[in-house]
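One chain comes next, on its own, written out as structure tokens in the form predicted alone.
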């Protein structure tokens, strides 16, 4: 039996594919900005905050890093309503993405901060800066420059992980593939096209983050 490829039957659903791409980028954008922001705050507290807060953040990081993203997503979307907190599918997906990336970025950023030479901290103290001011103006940016490749890789992983959000009917790219193959009965073509789109998005995001690193950390270009 010969299989006849028909990508035209899939590409006629380009509005669904475009919508899926936009939702995937939306989830990634919110997850990256808010997740990295959460990671910075948590890393700062975990390294020098009050002991109870350090313990709470340590528990949060270990719980998220040692449980599947799918379970985290289901807990937020299906579990929280039992406590009276109901979220839309897209809101639950964004929250799950932020919480997940926040935990991973906490450890990545903490590693960058711990690699900061002691002399930089001492320089901040000699200038009369507070601990937070030293962290903000002297420590944070060089630390982010050191771990930018690892952080970029984690953001790309999160972007690819948004495919799981189709399980709660978020209309991202994988949801679009499932919808198209159910209408066209062209599963191979549908998932082939979506695979190519994920690959293109990953390459585009990697290059964007690389250029963003050059803009944020211009002194790294000379190394």
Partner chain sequence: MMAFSTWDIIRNLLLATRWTIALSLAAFIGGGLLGFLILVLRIIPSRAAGLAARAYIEIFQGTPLLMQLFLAFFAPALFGMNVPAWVAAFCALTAWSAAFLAEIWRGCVQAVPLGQWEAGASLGLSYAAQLRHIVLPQALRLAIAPTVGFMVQVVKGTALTSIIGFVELSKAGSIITNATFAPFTVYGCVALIYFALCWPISFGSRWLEGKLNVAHHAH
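Everything numeric in this text was worked out from a predicted model, so none of it was measured. Positions refer to the first chain, counted from 1.
The form predicted together with the partner chain is left out here; the points below concern that form.
- The listed set 56, 187, 34, 45 contains one residue whose heavy atoms approach the partner chain in the predicted bound form to within 4.5 Å, identified as 187.
- Think of it this way: in the predicted bound form, the partner chain has a heavy atom of just one of 164, 155, 27, 40 within 4.5 Å, and the residue is 164.
- Shown alone here, residue 50 lies farther than 4.5 Å from the partner chain in the predicted bound form, counting heavy atoms only.
- Although the partner is absent from this view, residue 71 contacts the partner chain in the predicted bound form, with a non-hydrogen atom inside 4.5 angstroms.
- The partner chain is not shown here, but in the predicted bound form it comes within 4.5 Å of a heavy atom of residue 63.
- Not displayed here, the partner chain is kept clear of residue 179 by more than 4.5 Å at the level of heavy atoms in the predicted bound form.
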